[in-house]
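In the block that follows, a single chain appears as structure tokens, in the form predicted on its own.
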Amino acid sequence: MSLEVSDLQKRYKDVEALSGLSFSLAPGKALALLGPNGAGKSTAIKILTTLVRPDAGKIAWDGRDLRNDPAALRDLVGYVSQELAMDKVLTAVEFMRFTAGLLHLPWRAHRERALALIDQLGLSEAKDRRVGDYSGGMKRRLDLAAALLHNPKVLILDEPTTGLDIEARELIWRLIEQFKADGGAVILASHDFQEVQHLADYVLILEQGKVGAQGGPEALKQALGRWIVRFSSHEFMDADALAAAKAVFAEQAGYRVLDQEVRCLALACSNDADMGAVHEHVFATATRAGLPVFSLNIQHPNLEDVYRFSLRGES
């Protein structure tokens, strides 16, 4: 039993918002959608939550195609949007009852679950207070409770912890992890690379509606290289300095020039040397070539590196 998305396509007049999105998501796993604004993440989420119809493609659960059955797809997914939409005068219990009505769920049959979710999310003491008096973290938790009311198999989260403090963010993370542990599948759109690293089992990077890099977080980092080296010969490297550095390091075995950044040249190192050996080699190489060393930073690749360089065609 899994969610199978195949070749989803969507065009708005002359803009191809989504072109051939495909992935498989099993229960207990989380997929992270990454990409810049306009990459197609919002379109994908709108399609999966039945807000937009795709031009082509397939959405299936347990082998059953749900693309033309929006009611069944809505039963399958719970959705926490980036923007909160709550009536400030309602209490938490009233909001859950309102949500039940929107979902065509009989309140008597779901009241106990609603109260259990409120308790699980740490809102029991505030359940009879107006939502307008809640903090941002409390509102986000209540929004998550509402998304879980109909016991969905797939939870879709759009920037679920944006603007929250550390404690609220970690609480949301624990709830998402529990949903996964209980056999739920998660689709997460986020710009928080720490969040993606913490929650995601699979990462899919979109750019201009197309799939770029994809894979498990660790596999993607390993594919980029063992080390990322950021070298600068001057505080502000001009075009000539960058060209000179590129020419020198492009000839080094085991090193690959990724791209220039604001003040430095980024290199990927694929050999098994430790950090000290890499530092010594880069420093010596620059010195032999007559390049001054203003700064030299070496670290293992992270997801932000994968994201940054995959969008430049480097991963």
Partner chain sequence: MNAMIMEIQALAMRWFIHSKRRPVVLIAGLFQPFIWLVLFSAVFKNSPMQALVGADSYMGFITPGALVFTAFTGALNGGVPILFDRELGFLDRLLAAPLRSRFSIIWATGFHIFVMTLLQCLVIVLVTMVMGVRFAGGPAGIGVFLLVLALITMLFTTFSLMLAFVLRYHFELISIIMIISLPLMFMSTAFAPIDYMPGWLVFFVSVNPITLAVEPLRAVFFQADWGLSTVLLQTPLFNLSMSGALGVLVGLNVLTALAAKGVIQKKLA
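Positions refer to the first chain, counted from 1. Computed from a predicted structure; not experimentally measured. Rigid core here is just the name for the largest C-alpha set that superposes within 1.5 Å across the two forms.
Although not depicted, the form predicted together with its partner chain is the subject of the following passage.
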Counting only non-hydrogen atoms, which stretch in 83 to 91, 178 to 186, 153 to 161, 207 to 215 is within 4.5 Å of its partner chain in the predicted bound form? 83 to 91
Verify the flagged residues T49, R97 and L105 against its partner chain in the predicted bound form: is each one within 4.5 Å by a non-hydrogen atom? yes
Quick check on E195: any heavy atom within 4.5 Å of its partner chain in the predicted bound form? no
Find out whether any non-hydrogen atom of Y79 is located within 4.5 angstroms of its partner chain in the predicted bound form, and reply yes or no. yes
Does at least one non-hydrogen atom of D75 fall within 4.5 angstroms of its partner chain in the predicted bound form? yes
Contact test in the predicted bound form: H191 vs its partner chain, heavy atoms, 4.5 Å: no
One residue of H234, R230, R113, R130 in contact with its partner chain, assessed in the predicted bound form (non-hydrogen atom, 4.5 angstroms): R130
Taking its partner chain in the predicted bound form as the reference, which of A109, I166, A71, A239 has a non-hydrogen atom within 4.5 Å? A71
Superposing on the rigid core, I want to see if E218 changes position between this form and the one not shown - specifically a Cα shift of 2 Å or more. no
